[in-house]
Structures are given as C-alpha cells and as structure tokens.
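For reference, the chain that follows is the form predicted on its own, supplied as structure tokens.
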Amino acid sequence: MKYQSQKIALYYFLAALILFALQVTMGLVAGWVYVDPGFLSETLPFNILRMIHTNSLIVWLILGFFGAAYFLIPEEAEREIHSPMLAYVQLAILLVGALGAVIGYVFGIHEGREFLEQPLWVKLGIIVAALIFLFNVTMTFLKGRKTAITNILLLGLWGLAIFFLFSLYNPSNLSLDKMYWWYVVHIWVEGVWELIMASILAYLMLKLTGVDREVIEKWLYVIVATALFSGLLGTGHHYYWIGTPGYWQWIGSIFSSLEVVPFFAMVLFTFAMVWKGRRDHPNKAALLWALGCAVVAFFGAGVWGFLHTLHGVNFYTHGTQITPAHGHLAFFGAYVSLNLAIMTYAFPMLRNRDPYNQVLNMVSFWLMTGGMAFMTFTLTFAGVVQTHLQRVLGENFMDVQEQLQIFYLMRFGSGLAVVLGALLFLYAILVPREREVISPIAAPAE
C-alpha cells in the first residue's frame, strides 16, 4: 500500500460487509416466507423483510464502491486523498442513515416506493454524504494524475449521485411517478453503475495481470461507450405497460437487446487480459472473483435480461418469477462479485499481510455462485410455469402460487448455500492465517 489515505477503504469495506451479512440473512428469511406464508407475519411482515433485504443490498454495494474509490484513486492520482477527515464524516452520515432507515422500516416508517422507501431525512443525508464524497475524490483527481480508470470511475460516481436526485420527486400521477422512478433504479444499475463496474474491473486487471495500461484503457472506453449507448434508452423496457406512448415498446426492445453487448465485452476483456498478461499473481482468489464477476454478470444481466426484454415476450412474463430470476443473478454477478473481488484484492494490503485463506475464499465463491445459479434456474422454471398457468390459462394468482411451492422450497435451499458461502467469505477475508508474515506484495504492482 503506497498511500496512507488508502486505509480509509478498510472502514468502508467493513461497514459494507456488516450490511452484506444483514442483506443475505433477510433474503433467506424472506425466502422461507414463500414456503410458509404465515412465518413472522405478525412481527416482521414480508414487505418489511423485503425492504430491509433490498435496501441493505443497495447501501452495502454503494459503500463498497466508495471504499474502492478511496483505495484506487490515490494510486491512480499518485497523491493522498484530499481530506481523510471528510471521508470518515461521510461514512458516519451513511451509517447513521442506514441504521435509522432499518429501525424505521421495522416500525413501519417508510415512503413506500420500492427501493426508494427511505424517509426524506435519510435521502437528504445520503445526498449530503454524496456531495462530501464527490468533493473529496474530485479534488484528489484534479490535483493528481488523470487516467482512464479514474475518468470513468468519477463519471459513474457523479452519475450515481445526480440520478439519485430523482428520488426526491414523487408526482401523484402513477405513470409519471414510474417514469422518474426508473430514472434512479434503471439508470443506476444498467447505466452509471456499469461505468463503476468497468473501471474497477480495469483496475483489477491492471494489477492482477500486468498488461500495459494502454491496452486496458482502450478496452475500457469501448465497454463504457456500448454501456451508455444501450443502457440509457434501454430504460424503455420498463415503460411498456405503465401508460407511456407505444413507441417505447420499440425503443425499449431494440436498445435493451443491445445491453448484452457491454457485458459480453467485459467477459472478452477480462479473459483476454489474463491470457495476455500470463502473470502468476499471488492473489488467486481476487482473480477468480474478477473473472467470475464478468461471466456471471453476462449471464445474469445480459442473457437472462434479454430473455424477457422484448415487449412481445414481456407482455406475458412481467411481474412473474422470471423477473427475480434475472434480478438476483444480475446483481450478484455484476455488483456483489465486483465488490467482493476488490475487497479480496485490497484487504491483504490494507492489513499489510500476504493473501490469506485463499482456498476458503475460493470455496465461498463457488458456493455463492453455485447457489445463486441454482436459485436463478428454479425461479426461471417457476416463472415459466406461472406465466403459462396465470397469463395464458388465466388461473387465479393464489392458486398458481400453491403450485409453485416445490420451486420456492428449492429456492430456499439455494439461499442456504449462498448464506453459507457469504459466511465463509467473511471468515476468509477477516480472519488471518495462524502463521503470517509481512507481505512482500504490500505495495501494489505497477
């Protein structure tokens, strides 16, 4: 580790991992509710469980992005972070907001809009924290070396903050509400977050493979161009059935079909860099997570997204279990795996040690990835059955749900595997080996 201010990332990563544990726990409990609908119905209703599950996911991913930025920007800019104190103030604001939101949800205090349920004071706190962050990293960037990695990363982080502002606008017209709601939800995960993903992956490839920076930067610009070209107008695939004009069905179908391109490019990019670099980096677990991130994101966000994005198909499948099949694999591949990859790479350096517990770390990768893949298949089959029985044959919703119980039971089993993998990851990343030495790779490779 070259710069002392990179240590800031450690605290962001630790906070993210706490929320990661909360997220998978709430997901497992919510999964059991599908099997036993009366479970916790009086004390912690399903809508609250789901709210905590999805909100903790979003917050811990963002904390991971912030931690990654504080870790890699000093190296890329070749200078210390502008103000470490502001970084810790920002973290405190985010943690107070997250804690306040969770407590509020338990007592039914929320705004009700899916993913944006946070009370107004929490939203305002998030905006203040984002402004502090953007000031801090932008000042560091402006005073230091400029690289393609930091250019794209900052573009994505600025976009994250700007599009969150639409969460403050809640019009009474439901169609208009959904249009602006998707400005946050879609343009985050299928727009600006892809920029963050591409830049962090590029950084990891630079460090883990030793390929020349010029080669990596060319790939990075191609990926980002295709992500923005397809992702922004790809928002149209959410506008099919909310009361917007019919031309959105064509815009959404065409541009959504192209959204698979940047994810496929990321797969080619990561494997090409590893093949070209042929470098025997000691942190094998970080490389596995980075490659897994690109591959699983391609299938989850790309292939499974394409399966139901054409408006003729989506007419029947929207609102069925096919949607969470796509959502779970896409989030896990693109953003969960990305954060776990950068944490796996950074933790040994932040704690000045050799990469440790790598076998357990890689076992956790296969457990979580295998569990999530099985969950995706079971939900896909459940969605196909649901679509046929409910949308084609016209059976009653609750009658159909009873016929899907075998799929929900299998989904819960796959969730157990994911939680076990998450616990193994936490142990592998946080608990050092018994015999350790000061790391000879504590300074990141150029």
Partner chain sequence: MHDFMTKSRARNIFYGGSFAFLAIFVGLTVHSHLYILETSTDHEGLTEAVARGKHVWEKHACINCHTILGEGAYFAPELGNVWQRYGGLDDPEGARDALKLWMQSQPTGIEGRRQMPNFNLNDQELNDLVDFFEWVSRIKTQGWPPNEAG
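On a predicted model such as this, the values are computed, not experimentally measured, just so you know. Positions refer to the first chain, counted from 1.
What comes next is about the form predicted together with the partner chain, which is not displayed.
Asks: Is Y316 close enough to touch the partner chain in the predicted complex, meaning at least one heavy atom pair within 4.5 Å?
Replies: Although the partner chain is absent here, Y316 would touch it in the predicted complex, with heavy atoms inside 4.5 Å.
Asks: Is there a heavy atom of P324 lying 4.5 Å or less from a heavy atom of the partner chain in the predicted complex?
Replies: Contact with the partner chain, yes.
Asks: Would E259 count as touching the partner chain in the predicted complex under a 4.5 Å heavy atom rule?
Replies: Result no; E259 lies far from the partner chain in the predicted complex.
Asks: Hey, in the predicted complex, does F377 get a heavy atom within 4.5 angstroms of the partner chain?
Replies: F377: no contact with the partner chain in the predicted complex.
Asks: Tell me, which of Y88, W241, F271, F135 has a heavy atom within 4.5 angstroms of the partner chain in the predicted complex?
Replies: Checked against the cut-off, the match is W241.
Asks: Each of T140, L288 and N352 within 4.5 Å of the partner chain in the predicted complex, by any heavy atom, yes or no?
Replies: Heavy-atom distance to the partner chain in the predicted complex: none of the three under 4.5 Å.
Asks: From the candidate stretches 151-159, 297-305, 121-129, 74-82, select the single one in contact with the partner chain in the predicted complex, where contact means a heavy atom within 4.5 Å.
Replies: Only one stretch passes the 4.5 Å heavy-atom test: 151-159.
Asks: Counting only non-hydrogen atoms and a 4.5 Å cut-off, give the residues of 241-264 close to the partner chain in the predicted complex.
Replies: The stretch 241-264, when checked against the partner chain in the predicted complex, contributes W241, I242, G243, T244, P245, G246, Y247, W248, Q249, I251, F255 at the 4.5 Å heavy-atom cut-off.
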